[in-house]
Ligand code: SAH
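So this first bit is one chain, no partners, the form predicted on its own, shown in C-alpha cells.
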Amino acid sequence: MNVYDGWRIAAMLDARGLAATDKISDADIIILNTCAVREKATNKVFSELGRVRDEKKSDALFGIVGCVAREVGAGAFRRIPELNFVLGPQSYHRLPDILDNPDARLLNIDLGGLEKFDELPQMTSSPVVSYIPIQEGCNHCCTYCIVPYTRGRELSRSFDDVMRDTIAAAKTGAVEICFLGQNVNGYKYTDENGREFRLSDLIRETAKIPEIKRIRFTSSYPTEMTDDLIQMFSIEPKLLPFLNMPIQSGAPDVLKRMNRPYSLDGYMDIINKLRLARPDIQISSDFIVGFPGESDSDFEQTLEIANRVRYINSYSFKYSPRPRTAAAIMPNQIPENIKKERLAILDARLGEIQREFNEGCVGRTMPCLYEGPDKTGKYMIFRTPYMQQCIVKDSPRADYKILNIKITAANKASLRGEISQD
C-alpha cells in the first residue's frame, strides 16, 4: 500500500512540474511516507526526520505522510518543530496545498473516506507490476493491530473506479495487476442497482484485458476466503498460484487473545480447498512471536503449523506493542530475549522450508515476469509465478515481458535461471 501511495504522490508532484532527486540537499520538498505497524518503524521515522532537518536546504519543505502521521498527529510538530506538514494516509492528496502556501503549517489526519482516489491525477505511465487498491481499513480489530486507528474501518472502492484504474494501468505499461487492501478479500461493493461485487468479480473482469497476463492480491484474511474466490484459482489461469494468507500463530489460545476468530481446523480446511482447486498453489504467511501470554507450548504449535502447511515464503516478527491496541496492556508480556530467541528458531525453520521449495524448482521451466536489470546491469531480474526472484545472466532488454525461464540453481533467497530455448 505504501508503494502505491508513493507512486501516486510522485505522479501528483510530477504534474506540478517537480522532478525527483536522490539528494536531500538538492530537494525543494522532502516527504517521508510512513508505516506504523511496528514500534521500530515509528522510531525510525523521527530519527530520519532529524537527519533530513540537518541536511536539507533552509527553505526546503519537509514533512510526513501516512500511518505515523495519523498515529502521532500534532505531536510530530512538537518533536520536530521545523516540520511543514503532517498528513494522514487518507489526506496526502492535500500536498499541493503546502506548495501553494509554503509558509503555512498543514495538519490533516482525518480518516475521511475514499476522496483521495477522486482527487489524484490518473497515472500517465505504469510499472510492469501495478498495484491497485480496492479497499482500505479493516473491521477485524486484531488486538495487536493499529490499522483500524491509522487507516480506519473497511471501505471498498466502487467496482467501476477500480476497473478504470486497472484498464488505465494496462494501457500504460502494466502486465501484472496486484489488488491491494488491508483486508483485500473482504472487498464488497453494491452499486445503485443493487448488484454486489466481490474480489472474484474484479479478477474475472481484469482477466479479460489482453495486456494483463498475471493477477494476484494481498493481503487476505482467512475467514474472507469465500468459495467464489477459491473457485477463481481453478478457472482463471491468469490468477497466480500463490496466496498470502496470514495465520499469525499456530496456537488456539493465542489466536483467541489476538481476536483472530478462526480455528486451526478451519484454516486448514481453506488450505485444502485451495489445493483442490489449484494443485500447484503455494501459500505464504505472516507470524507474530512472543505475543502476550505465549507459552513454550504455544510457540511449538506455531512451528507445527509451519511444518504442516509448508509456507514457501513468510514474514515473521517479534510482537511489538502499539498504542491504542488491547494487546499493549495485556498481562504476561513476553521478555525481549525470549521473543528474540523464538523468532530466530521460527525464521530458521521457515528458511529451511523456503530453501527446500526453491531447490525443488531446479530443472523446471516457468513463465517469469521480467522486472528489469540488476544494479550492475549484467543480469536480468525475473519473478516466477510464486514470486521468487530469478536472476538470469544475459543482456538486459527493455522489450521483455514474460519469458519461459529454466531454473538452473537455487538458494533460500533466490533462483538462477536461463532463457528457455524450447
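This one's a predicted model, so the numbers in the text were calculated from it and none came from an experiment. Position 1 is the first residue in the sequence shown; the rest follow in order.
Omitted here: the form predicted in complex with S-adenosyl-L-homocysteine. The next part is about that form.
- For the options N84, N313, S130, Q248, the residue carrying a heavy atom within 4.5 angstroms of S-adenosyl-L-homocysteine in the predicted complex is Q248.
- Shown without its partner, this chain lists Y149, Y144, F179, F117 as candidates; in the predicted complex, only Y144 has a non-hydrogen atom within 4.5 angstroms of S-adenosyl-L-homocysteine.
- Residues with any non-hydrogen atom within 4.5 angstroms of S-adenosyl-L-homocysteine in the predicted complex fall in just one of 203-211, 154-162, 168-176, 320-328: 320-328.
- Contact annotation for R364: none of its heavy atoms lies within 4.5 Å of S-adenosyl-L-homocysteine in the predicted complex.
- Using a 4.5 angstroms threshold between heavy atoms, S219 counts as touching S-adenosyl-L-homocysteine in the predicted complex.
- Contact annotation: E300 falls outside 4.5 Å of S-adenosyl-L-homocysteine in the predicted complex, judged by heavy atom distances.
- S-adenosyl-L-homocysteine in the predicted complex is approached by I288, whose closest heavy atom lies within 4.5 angstroms of it.
- Contact annotation for 8-47: residues with any non-hydrogen atom within 4.5 angstroms of S-adenosyl-L-homocysteine in the predicted complex are V37, R38, listed in sequence order.
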